[in-house]
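Take a look at this single chain, the form predicted alone, given in structure tokens.
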């Protein structure tokens, strides 16, 4: 029997850190988006959307919990502590989901931009050399497919209604669009992740694939996406420097656990 060669200890440690960084980004993206979308429960435009948004928010929180679980397995930590006990500035979600809920058009623009970019990211991660991550992504993609269809249906619906619906959608894309590439922006440790096959393709390639998919949709609807904000492409800023909207949301979702951090559920 031939023993499998082990990575040098320093590289193994660096790779574990890089994998943790990737898992945290995936988890925080879905966690923050899930809580933000849950704010529509009870106030969505109509009953069907109340149900749809509640369901999608629950999906996102479930995906986040699964990613946090993988991260906890890797770091011998606790998923709930990772999710709820960090200060606001320790979250590593992308700039796109850092935007506040806003009106329905902004929420739909943010959802479609996020889901379209996330679809590209998950498609690639389904082939990850990290087997637990790849297996989880296969399951997550099944639900995310419906999220993308929902977002695109609303994008078309708003875009094809002249007047206020289309105007609000255009304003929303102008506001959140520059931060959309942050979903796929390179992580600081990307080179190591790509070399190890954990993230099979670099962020630059993911961004190219994403652009090729959304441009025909936007073109068909006569919509424009603003140029990317430099901060949304920079590994140092694409997932940091969160604003007041997230600070408020963090206070909301951490408030119950903060009442008694030692309580068990």
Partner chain sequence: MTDPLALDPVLGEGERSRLPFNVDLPHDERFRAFEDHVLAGGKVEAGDWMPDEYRLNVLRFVEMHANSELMGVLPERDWILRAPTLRRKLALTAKIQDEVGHAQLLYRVAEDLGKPREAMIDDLLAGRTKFHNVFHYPTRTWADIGVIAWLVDAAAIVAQQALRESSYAPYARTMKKICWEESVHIMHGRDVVVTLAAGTVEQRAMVQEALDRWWPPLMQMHGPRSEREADRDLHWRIKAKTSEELRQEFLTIYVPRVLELGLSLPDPELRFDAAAGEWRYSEPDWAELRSVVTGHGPASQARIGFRRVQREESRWVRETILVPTGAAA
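Positions refer to the first chain, counted from 1. Here the structure is a predicted model, which is why all the values come from computation and not from measurement.
Below: the form predicted together with the partner chain, not depicted.
The candidate stretches are 222-230, 207-215, 36-44, 235-243, and the one lying within 4.5 Å of the partner chain in the predicted bound form by heavy atoms is 36-44.
Checked against the partner chain in the predicted bound form, the candidates 162, 135, 195, 73 yield a single residue with a heavy atom inside 4.5 Å, and that residue is 162. When contacts are judged by a 4.5 Å heavy atom cut-off, residue 252 counts as touching the partner chain in the predicted bound form.
A residue is said to contact a partner when one of its heavy atoms sits within 4.5 Å of a partner heavy atom; residue 100 fails this definition for the partner chain in the predicted bound form, lying far away.
Taking the partner from elsewhere, residue 168 is found to have a heavy atom lying within 4.5 Å of the partner chain in the predicted bound form. In the predicted bound form, residue 112 stays away from the partner chain, with no heavy atom inside 4.5 Å.
Looking at 43-59, the residues that come within 4.5 Å of the partner chain in the predicted bound form, counting any heavy atom, are 43, 45, 46, 47, 48, 50, 51, 54, 55, 58.
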